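Below you will find one chain, with nothing else, as structure tokens; this is the form predicted alone, and questions on how it binds or moves follow later.
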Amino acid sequence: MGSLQHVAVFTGSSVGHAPAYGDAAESFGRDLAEAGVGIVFGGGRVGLMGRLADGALAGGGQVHGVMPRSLVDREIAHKGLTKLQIVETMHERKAAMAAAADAFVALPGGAGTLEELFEAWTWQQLGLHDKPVALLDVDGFWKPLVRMVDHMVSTGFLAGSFRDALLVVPDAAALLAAVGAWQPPRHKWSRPEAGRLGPAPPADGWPRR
């Protein structure tokens, strides 16, 4: 894996019940900024999204928000970002975030966070991108999901190599170290004799790099 310049972060528009979630989001943003890594996120000022952005901005980092116009009009966009990119649809939002990022990280969140996480991870498995996907495990938040992923492997619905490719890290320093050593898994439909099927057809917003 080459140098990490921008991370797409998926996280909640709520702060959760435990103060640890907000504190971790803010620390994660600040620590990435101090490491010279920019953040791409959903652009919100609410919930963990806002704490993440505030932490990164306080650390002098570059923070790129991407938000559909309908949400901007509801006045939940963060006003202090380095860049706020306004798009028309949620699909455009995810495509723009993916195009701008070198890796994906999910912090605690709800259904939207899961949807973004699983799309990024699934498309990695299909060879539509070769970028790391990680979970920031705050206070064991992701442990139930990791157990479910392990269950998918043990029951034959997920290759162990894809489980191994999903990074689980406690903080920004561990993320940077894990990404530096990460290698993409063999794509799901690769031919063993060829190693890979070759370049996958580019999907909108998911450039291979």
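Residues carry their position along the shown sequence, with the first being 1. Source: prediction; values computed, not measured.
Keep in mind the form predicted in complex with a small molecule is missing from the figure; the text below concerns it.
S.K.: Closest heavy atom of Gly80 to the small molecule in the predicted complex, within 4.5 Å or not?
M.R.: So Gly80 does not count as contacting the small molecule.
S.K.: Would Ile86 show up as a contact with the small molecule in the predicted complex if we use heavy atoms at 4.5 Å?
M.R.: No, Ile86 is distant from the partner.
S.K.: Met49 versus the small molecule, in the predicted complex: is there a non-hydrogen atom within 4.5 Å?
M.R.: Taking the distances in the predicted complex, the answer for Met49 is yes, it comes within 4.5 Å of the small molecule.
S.K.: Considering only heavy atoms, tell me if Glu115 and the small molecule come within 4.5 Å of each other in the predicted complex.
M.R.: Residue-level check for Glu115: yes, a contact with the small molecule.
S.K.: When the small molecule is placed as it is in the predicted complex, are Leu71, Lys94 and Gly109 each within 4.5 Å of it, taking any non-hydrogen atom of the residue?
M.R.: Verified in the predicted complex; spot residues all in contact, yes.
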